[in-house]
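One chain comes next, on its own, written out as structure tokens in the form predicted alone.
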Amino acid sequence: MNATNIKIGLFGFGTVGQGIYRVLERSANAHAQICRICVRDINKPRDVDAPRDIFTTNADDILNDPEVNLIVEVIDKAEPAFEIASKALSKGIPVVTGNKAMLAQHLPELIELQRKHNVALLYDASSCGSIPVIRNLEEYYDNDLLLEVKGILNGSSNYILSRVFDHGESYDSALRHAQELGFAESDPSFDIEGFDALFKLVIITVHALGVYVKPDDVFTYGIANIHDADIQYAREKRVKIKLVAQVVKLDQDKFTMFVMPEFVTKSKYIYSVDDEYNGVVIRGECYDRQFMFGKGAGSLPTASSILSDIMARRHDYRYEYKKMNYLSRPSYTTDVTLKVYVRFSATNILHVINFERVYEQYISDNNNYVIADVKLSELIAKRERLNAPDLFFANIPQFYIDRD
């Protein structure tokens, strides 16, 4: 690619798209300009005053424009984003995207398109906003010594939990403030039910271990059902509840992954990751723990990550997916035992879940809880029944605690 002549076709001009426009205006060394923008509604009011004549509502106006040599896709829908990305890659046009839902659901096809057409797809912005997790896993941790990637991958849910535990707000009040500030959507389910973190974890796992796992195969449980009783229990134990995503290598042959609220003690790095920030712990055989911290959401943090990928294309950078070519890669398993806290009232959880061992059980007039061991496969098998509004699950961490 001509280092002085990056011509961008931009899909989407919402919060992130406008952030990209602003960031490019400030970055003289990017040597890149947005020459076309595709949106659903040209007349929609926007905060950024871009020239009207570069807007279009027809994707083909950009995909068939010979001047465009880089597609940047930041729309909010998975399937239209996949159609744009796959068409561009098939035409030999490199793509930069931040669409984690699209990537998590279609990464194998997209990797094959990259190989077939010898073209690059970059997406550091899809996971943890401004934190360069993917490129670090791809380049620095490009060996089989990695044991675990674990962290707070969703800024919206973390902001809500921070307001609850650090500022004494109620969950409903914290959620409302997150929506007012734009950290959570009017329908916050994508964030608070854990799907945003799940999609990021699927992408991260490809670069951490070289294995793709379908999102539907991963146990995901969010914070939507958290109750004052859970918050009070955590405070009594002097821990915080965080929504944590993790992929853990169990041995050389097996790994597991899941997204769940977790009781986090003060000794853990992610205990102090508050507000809309993300924090990722990468653990390895020889380097113990390394920690990455930064803003995980918002217009400019995400745009800065997009800019990094745009500038990487000046040097013809692409992901090599080295770990996917290893002769021996670990396989995904749900045959692993977790220790969990389960709060319940109307639902008799002891009749729903086959616990392997119950350590503690508390019964009261309003709420009950158990601390117990359970197979991850059992949680997946029963997950439809675990959505009852009177239930809340939290993980009590056990992996690698002897190394902390």
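When you see a residue number, it is the position in the sequence shown, counting from 1. Keep in mind it's a predicted model, so treat the numbers as computed, not measured. In this text, rigid core is short for the largest set of C-alphas that superpose within 1.5 Å between two forms.
What comes next is about the form predicted in complex with ligand HSE, which is not displayed.
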| query | finding |
| --- | --- |
| Candidate from A85, A184, V164, I223 lying within 4.5 Å of ligand HSE in the model of the complex - any heavy atom | A184 |
| Sole residue of E262, D196, E73, D124 within 4.5 Å of ligand HSE in the model of the complex, by heavy atom | D196 |
| Proximity to ligand HSE in the model of the complex (heavy atom, within 4.5 Å), stretch among 317 to 325, 137 to 145, 152 to 160, 227 to 235 | 152 to 160 |
| is_contact(D309, ligand HSE) in the model of the complex, heavy atom dist at most 4.5 Å | no |
| Contact test in the model of the complex: K240 vs ligand HSE, heavy atoms, 4.5 Å | no |
| Heavy atom of H207 within 4.5 Å of ligand HSE in the model of the complex | no |
| Core-aligned C-alpha movement of L175 between this form and the one not shown reaching 2 Å | yes |
